[in-house]
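One chain is shown next in C-alpha cells, namely the form predicted on its own.
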Amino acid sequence: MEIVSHPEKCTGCMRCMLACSYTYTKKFSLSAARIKIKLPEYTIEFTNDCNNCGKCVEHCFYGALEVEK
C-alpha cells in the first residue's frame, strides 16, 4: 500500500496532519505529524517516519490523498 498525493486538491486544512500526530502521539501537534503540508504552495510531503498507515487519507475530505494498492 502506498499513499498518493494530489496537491492540487489540497485546501490546507491540516486535518491529515492533526490525525497523524494524534494517532502516534495522542496529541494534536502539527510538528509531530509524519505528513507535512507546505503553504502557500500546497505541497504534500511525508517524513521518513511515515509507515503508510492511511490515517491521513481517512481524514482528508478533499481527495488530496488516496491509498494506492
Partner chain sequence: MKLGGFSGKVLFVDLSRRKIWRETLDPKLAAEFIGGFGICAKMACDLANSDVFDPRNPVIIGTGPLVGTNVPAASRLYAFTRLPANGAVGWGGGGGVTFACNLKFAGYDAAVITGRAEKPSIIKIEDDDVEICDAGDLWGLGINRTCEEIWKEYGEGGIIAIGQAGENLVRFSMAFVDRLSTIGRGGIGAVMGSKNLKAVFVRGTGEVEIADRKRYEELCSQLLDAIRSYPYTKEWQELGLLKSLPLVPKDVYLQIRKKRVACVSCPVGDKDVIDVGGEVYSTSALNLLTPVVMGMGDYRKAVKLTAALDDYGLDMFEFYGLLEFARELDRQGKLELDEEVDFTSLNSMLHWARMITFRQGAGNLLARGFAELEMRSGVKAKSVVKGMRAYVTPRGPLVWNLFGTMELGQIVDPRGPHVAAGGSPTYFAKRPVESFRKHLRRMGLDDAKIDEILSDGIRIGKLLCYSHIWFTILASLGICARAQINRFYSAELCAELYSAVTGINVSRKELMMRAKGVWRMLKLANLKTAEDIPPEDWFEDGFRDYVTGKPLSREDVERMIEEYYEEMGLSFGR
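Just so it is clear, the structure is predicted and the values come from calculations on it, not from any experiment. Numbering follows the first chain given and starts at 1.
Heads up, the form predicted in complex with its partner chain isn't pictured, but that's what we're talking about next.
Student: May I ask you to check whether residue 35 falls inside a 4.5 Å heavy atom distance of its partner chain in the predicted bound form?
Tutor: Taking the distances in the predicted bound form, the answer for residue 35 is no, it never comes within 4.5 Å of its partner chain.
Student: Test of understanding: in the predicted bound form, would residue 24 fall inside 4.5 Å of its partner chain by heavy atoms?
Tutor: Contact with its partner chain, no.
Student: With the cut-off set at 4.5 Å between non-hydrogen atoms, does residue 47 touch its partner chain in the predicted bound form?
Tutor: Because no heavy atom of residue 47 falls inside 4.5 Å of its partner chain in the predicted bound form, the answer is no.
Student: In the predicted bound form, does residue 8 come within 4.5 Å of its partner chain, counting heavy atoms only?
Tutor: Within the cut-off, so yes.
Student: In sequence order, which positions of 10-35 have a non-hydrogen atom within 4.5 Å of its partner chain in the predicted bound form?
Tutor: The stretch touches the partner through 10, 11, 12, 13, 14, 15, 18, 19, 22, 26, 27, 28, 29, 30, 31.
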